[in-house]
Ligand SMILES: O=C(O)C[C@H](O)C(=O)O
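Next comes just one chain, in structure tokens: the form predicted on its own.
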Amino acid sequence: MAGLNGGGTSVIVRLEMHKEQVTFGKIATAIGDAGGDIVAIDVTRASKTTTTRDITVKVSDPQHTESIIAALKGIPGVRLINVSDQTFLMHLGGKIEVSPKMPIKNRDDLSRVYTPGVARVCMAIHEDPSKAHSLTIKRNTVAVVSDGTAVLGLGNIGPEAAMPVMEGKAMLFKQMAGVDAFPICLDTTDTEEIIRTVKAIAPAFGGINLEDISSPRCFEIEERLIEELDIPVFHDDQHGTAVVILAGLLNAVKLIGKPLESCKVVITGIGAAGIACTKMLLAAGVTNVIGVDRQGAIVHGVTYSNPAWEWYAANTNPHLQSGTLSDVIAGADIFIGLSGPGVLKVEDVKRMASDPIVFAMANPTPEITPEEAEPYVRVMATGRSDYPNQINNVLCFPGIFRGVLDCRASRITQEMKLAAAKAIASVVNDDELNEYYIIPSVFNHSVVEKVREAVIEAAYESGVARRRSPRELQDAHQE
């Protein structure tokens, strides 16, 4: 997922005020002095001696909320009744539900949707399993599967704690692309058990979206499921991030006038997203990619315990550069950070090529802040919503799954991911393109449709689409 961001939230503070002891002006001043921004005031109860008000206050983080509460508690004549966090209120009872597509109004309806009429449909699928795509929810349903081991920037917090994220993703699937997605949070971290479980539930779904599963297990889980299932399997933390980063880079290099293929790219954080991003860049024609992790640059000739790093060493860093990030950053055209806060220093940016491009993706604190980098970079992007050029996976996964479901693709190929990246980039036209707008907003309604169309076309070209294309149907009709 895109991770945490610093966009802030709001809280509703319910206060009882004793009219003879305190005025609302004093309360408003206390909130303002603590840095709070009052956005709404509602009187919920009033008597001769007291007034109860709900005050909605915009805050930056939980610590900010605590400082405002402390300020209010210190005012004589004020009783704090309750504090409601708007974010928590939105999660009460969960964020998604299942609803029928049609009402059951009488016995005749009941006999058709359930027994005895449903038996005919069951037997039709039994005789021809492919009919499950047209006669059940399979044609439009995706399982969002996690084991809770790599949730946002929170780490291994477990399957129950991962549910709010997976529910949120299901909401995005539905709102953005009309895809019915359901969170499946597994109480196991065993690779084989996860693979067996996903295979066992696969008959009900048209696609599998793996989410927030820690590296390196995520590689084997995805690869095995791709090979052993006949529906698309997509680990969004890897490929969604890679697709949107490539989309941003395709537009960013237009501003600096350099072909992406000729750029030197340095990536920090060679985990799931870093490896997938590298594979996308190589597929896009980039030849000089250098991966840097805590141990330094990954270089051919060194033995690594991580099999994924063995592949990385054999396929990147053609000039065998070694050392720290500061050692290999010299002359780089592009920096992509998928690591942690403060990794990239101003001195490092100064040593990059002219008009450098910096994608600092660590959340909530990037590898270098835009404020630090701005004097020295041409294009800056982060994973945060409160800065320009947010690299957000929401631009990718709804359109990709809408496309693969519509053409009944058996898998998602590299060509389909490249097509998705180019489609996202194309939403920003040349007249709009500038240093602060290289990637469309997640609320741009044309993104999903453009990605869908590009993915379907690439699926047919890759030979993985199983639904007959409009051209094939027309040719069959003419015959």
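All residue numbers refer to positions in the sequence shown, first residue = 1. Rigid core: the largest C-alpha set superposing within 1.5 Å between the two forms. Treat the numbers as computed from the prediction; the structure is a model and nothing was measured.
There is also a form predicted in complex with the named molecule; it is not shown, and the following applies to it.
Within 2.4 Å of backbone or C-beta atoms of the shown chain, at least 3 atoms of the named molecule land once it is superimposed from its position in the predicted bound form; the pocket counts as blocked. When you look in the predicted bound form, the only residue of Glu222, Asp236, Asp348, Asp333 with a non-hydrogen atom within 4.5 Å of the named molecule is Asp236. Checking Thr189, Asn288, Asn392, Asn140 against the named molecule in the predicted bound form, a heavy atom within 4.5 Å turns up for just one residue: Asn392. Using a 4.5 Å cutoff between non-hydrogen atoms, Lys169 counts as a contact of the named molecule in the predicted bound form. In the predicted bound form, at least one heavy atom of Asn363 sits within 4.5 Å of the named molecule. Interface residue remark: Leu152 is counted as part of the site for the named molecule in the predicted bound form, having a heavy atom within 4.5 Å. Under a 4.5 angstroms non-hydrogen atom cutoff, the named molecule in the predicted bound form has Asp212 among its neighbouring residues. Contact with the named molecule in the predicted bound form, defined as any heavy atom within 4.5 Å, is confined among 120-128, 312-320, 190-198, 236-244 to 236-244.
After superposing the rigid core, the C-alpha of Ser385 moves by 2 Å or more between this form and the one not shown.
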